[in-house]
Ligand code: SAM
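Shown here is one chain on its own, the form predicted alone, set out as structure tokens.
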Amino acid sequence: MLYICATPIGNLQDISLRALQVLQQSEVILCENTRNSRYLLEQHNVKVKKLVAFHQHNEAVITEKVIQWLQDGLTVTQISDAGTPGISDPGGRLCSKILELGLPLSPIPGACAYISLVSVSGLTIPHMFYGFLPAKTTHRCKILNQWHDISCAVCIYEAPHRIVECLTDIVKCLGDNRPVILGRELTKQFETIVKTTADELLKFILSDSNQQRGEFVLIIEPVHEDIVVGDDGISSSSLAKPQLSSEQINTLNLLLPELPPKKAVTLTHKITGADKNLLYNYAVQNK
């Protein structure tokens, strides 16, 4: 049997009794980093028979070995450095191959960073998980722009060295007032959970360098739907999107004939404080 076993994302006590039992019985344990995993296993008194590094650079080679081990009747368990294997971690290709061959495998559920944040987010709407956004701004914005009018929440991971760039692009592509939820260093000593707007979250991160450290989970909420009751007493749904005022539109209209759209949008934003995305969309539509 191949077991796919979740491990703690921070607090070492967040591991199940079943996970510990399976790890004790395993002839082979696959892991991302042998040093990190050996420490975890030692803390729970798991006697390791064979610990094998398994990551994106050797996934193909080790997968073939796992197939042979399973065919020889061995119990193999895969763990990651933190959380559930296959969730933005190695393991997807291995499981795909094992399923293709009809060999037995089984999940050992447990900690998962994005599920942990969803559980305390207060979300009452559907959500989807994306994982890590592309590292380059151009590619990242291409994805973000697709979520401008999405009707569900989107959960992503981000690395500490890219969190500022990522939030900057979220503000640029989705707007200052886009609702977001941040989970940083979940289950660890300096855990941070914040629910605010994209712009305010960026300011918060920039104001404290300590908030730029650790592992990040972000939930990007859709534009909220509000219930509006008209004078006739009939309720209707309306999207609570920020709108351009007549003053902001007039300012942009004065500048558009004289300047390139991008420059006109930037100046209008500085003068009136209007949302850049709304200004740019208006400029393109009325060019």
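Here the structure is a predicted model, which means the values were calculated and not measured. All residue numbers refer to positions in the sequence shown, first residue = 1.
This protein has a second form, the form predicted together with the named molecule, left out of what is shown; the following refers to that one.
Using a 4.5 angstroms limit between non-hydrogen atoms, Lys188 touches the named molecule in the predicted bound form.
By the criterion of a heavy atom within 4.5 Å, Glu215 is counted among the residues contacting the named molecule in the predicted bound form. Mapping the unseen interface onto this chain, Glu158 counts among the residues with a heavy atom inside 4.5 Å of the named molecule in the predicted bound form.
Proximity of Ala113 to the named molecule in the predicted bound form falls within the 4.5 Å heavy atom cutoff.
Taken together, the three residues Met1, Thr63 and Val66 lack any non-hydrogen atom within 4.5 angstroms of the named molecule in the predicted bound form. Contact with the named molecule in the predicted bound form, judged by any heavy atom within 4.5 Å, is made by just one of Ala274, Ile9, Leu23, Ile15: Ile9. Taking Ala82, Leu167, Leu133, Leu174 one by one, only a single residue has any non-hydrogen atom within 4.5 Å of the named molecule in the predicted bound form, and it is Ala82. Comment: 180 to 188 is the region of 142 to 150, 180 to 188, 193 to 201, 69 to 77 lying near the named molecule in the predicted bound form, near meaning a non-hydrogen atom within 4.5 Å. For the stretch 83 to 98, the set of residues having any non-hydrogen atom within 4.5 angstroms of the named molecule in the predicted bound form comprises Gly83, Thr84, Ile87, Ser88, Asp89, in sequence order.
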